[in-house]
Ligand SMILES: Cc1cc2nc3c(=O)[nH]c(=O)nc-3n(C[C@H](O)[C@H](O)[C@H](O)COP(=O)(O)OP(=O)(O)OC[C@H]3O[C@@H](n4cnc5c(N)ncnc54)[C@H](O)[C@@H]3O)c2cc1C
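We begin with a single chain expressed as structure tokens, specifically the form predicted on its own.
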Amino acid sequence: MAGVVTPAAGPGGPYTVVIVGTGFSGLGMAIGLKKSGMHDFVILEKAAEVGGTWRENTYPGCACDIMSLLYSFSFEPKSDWSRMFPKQAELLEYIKHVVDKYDLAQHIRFETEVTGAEYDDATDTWGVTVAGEGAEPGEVVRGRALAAGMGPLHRPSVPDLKGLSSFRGTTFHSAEWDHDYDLTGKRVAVIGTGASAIQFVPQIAKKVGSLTLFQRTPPWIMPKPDRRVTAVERTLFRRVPGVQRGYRNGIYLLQESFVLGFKNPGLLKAASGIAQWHLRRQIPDPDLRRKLTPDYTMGCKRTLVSSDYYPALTRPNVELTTAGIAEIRENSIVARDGTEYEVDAIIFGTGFHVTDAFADAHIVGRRGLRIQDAWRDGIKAHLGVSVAGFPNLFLLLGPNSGLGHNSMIFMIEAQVRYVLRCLEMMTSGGGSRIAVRDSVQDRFNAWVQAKSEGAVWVKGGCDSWYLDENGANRAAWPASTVNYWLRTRRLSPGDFEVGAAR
């Protein structure tokens, strides 16, 4: 494939690759194709602009919890990051820069939402049904391969609470922030205390009349070592070769060291000690501190970073409750201890669908195999990318490729390289389809579950989005990112069935 320039397809295809999404995954895939000499691809984007999660999430205080020098493509460093931890607007700006730098706009179809995908056994192609302002009625976009880069955190999860439909105030999820609703002076309830909530709660607490925070499980929170990137550092990054790469590598190694604790939770005692000190230092009230103290092992859920969340909870207009929600009424929320809270608005910081993200997806593989049937016993994919029974389908950041300690951009780059090598293996042998063998996928997933036994996600004493309803790890990569890099670096021909349409 390298060095071969393919011609552009027509508006509906067939393309060599159909990419879904313009977040880091989809754009990384597109850049990988271009670098390999392949220009015959299309990117389908449901929105009117690029960005993925960094377009969708615009809540106050939205920022990345991985340092900017690491949360960026390794091949496209940015020397003028303003902060060590980038905010949403700067990340979106970086993504738009990448689109311009690699001339990707010509490949993107905006306002074109994927509603389903079916594999055609006769032609070894995928028919992708689309809808929206950018699509024709009933349009099908066809491609040899389908690379799904929607990301694991794109479907907001809202709990099914008794009486929610009767609430007469305003409700919205943090990923669908209602910027037209003025929170000033309002009585606001926030449900959930995950990664998004600890960022927006300090921001809105300054302006609301009252804020009631409903917490189910307190997160482990480390202090956030955020600061402005100095002018001297930016100059060094720009002018001295290797300095920025050295910074990046140092941050990577620091983050990667936490993986040792996931398999050996005892090693996290020092980190949990820092988190406990952070809590004691910022929350002087013993009763409030008790509510905020996790009763599970650090790392069981994603460890969060913040230096302004705890202080926000000490404000006189903020109340934390752990009683749980009994029901929601027209103008209030009733806790399980009988306390009724009058509220004007409810904001859900309740995360996303992960292990059930494909529950309603219309994806049909070889011989009519539905993705729901293939995943009847749980979502699974070889290396989180290839799914047995679904030739030429590649999931970016699919099952068991999530991280709780390092940058997902690292995983994306490894997966893009893996997909390119799958395509090269297919075409070099004169084939039109490539599919991972069932036995290979089963062996890999048996390794994942065995590797997860005794790990903090499974034995840490908490419920998290890493696990499915049966307690199996379906989201987290159970080893180091170095291990993943090595596994995706080379392909074994025997692991795949390569064939051609007749």
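If you're wondering where the values come from, they're calculated on a predicted model, not measured in any experiment. In case it trips you up, residue 1 is the first one in the sequence shown, and so on.
The same protein also exists as the form predicted in complex with this ligand; that form is not shown, yet it is the one meant from here on.
The stretch among 232 to 240, 317 to 325, 156 to 164, 400 to 408 whose residues place heavy atoms within 4.5 Å of this ligand in the predicted bound form is 400 to 408. Shown without its partner, this chain lists T112, Q215, Q282, T125 as candidates; in the predicted bound form, only T112 has a non-hydrogen atom within 4.5 angstroms of this ligand. A heavy atom within 4.5 Å of this ligand in the predicted bound form is found for exactly one of W457, F41, F444, Y59: Y59.
The putative spot formed by M29, Y102 and L423 is not touched by this ligand in the predicted bound form; no residue has a non-hydrogen atom within 4.5 angstroms of it.
Interface membership of Y15, defined by any non-hydrogen atom within 4.5 Å of this ligand in the predicted bound form, is ruled out. At least one heavy atom of I412 is located within 4.5 Å of this ligand in the predicted bound form. Put simply, V208 is far from this ligand in the predicted bound form: not one heavy atom of it is within 4.5 Å. Contact check for S386: no non-hydrogen atom falls within 4.5 Å of this ligand in the predicted bound form. Taking a 4.5 Å heavy atom cutoff to this ligand in the predicted bound form, none of the residues in 226 to 251 make contact.
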